[in-house]
Ligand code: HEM
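Shown next as structure tokens: one chain only, the form predicted alone.
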Amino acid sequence: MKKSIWKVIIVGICLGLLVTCSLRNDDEDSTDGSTLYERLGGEEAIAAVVKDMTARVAADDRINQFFAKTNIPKFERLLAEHLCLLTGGGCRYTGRDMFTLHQGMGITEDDFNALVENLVATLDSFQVPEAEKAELLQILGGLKTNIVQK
């Protein structure tokens, strides 16, 4: 059950990205018409961000117990797939849906916030522009009610 949290979080992030991209109006689009996927740097950049965030979470005693039995290479592959798909990269996501993955995991608001902190640290380390970073964080905030357990 704990290994599923990674998948749930990944799906949640990706679903949030999809919602945000769908809600953007023409005034918010980049001047060259590029997708968020392209603005983030494409497949290699997304894979590097996923790998860095995974390492940060693994070192974070607040939440690493959720991932103790996770197949990390598979997790990283699925997260990268989902981010690619949801940001306009045209990839195919082969994982399960977010709701199913989060059921029964007992994720608290503190757990959620810890993951977001790790994501922000990763995005900052890769110097992701504020607009793209804000877009991702807005998505996560919107997904919180589906992730955090009462």
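Remember, predicted model here, so these are calculated numbers, not experimental data. Numbering starts at 1 and follows the sequence shown.
What comes next is about the form predicted together with the named molecule, which is not displayed.
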{"query": "Contact label in the predicted complex: residue 66 to the named molecule, heavy atom within 4.5 Å", "finding": "yes"}
{"query": "The named molecule contact at residue 101 in the predicted complex, heavy atom, 4.5 Å", "finding": "yes"}
{"query": "Contact flag, residue 46 vs the named molecule in the predicted complex, heavy atom cut 4.5 Å", "finding": "no"}
{"query": "The named molecule contact in the predicted complex: residue 50, any heavy atom under 4.5 Å", "finding": "no"}
{"query": "All of 78, 111 and 115 within 4.5 Å of the named molecule in the predicted complex, heavy atom check", "finding": "yes"}
{"query": "Residues within 4.5 Å of the named molecule in the predicted complex, restricted to 90 to 110 and counted by heavy atom", "finding": "93, 95, 96, 98, 101, 102, 105, 107"}
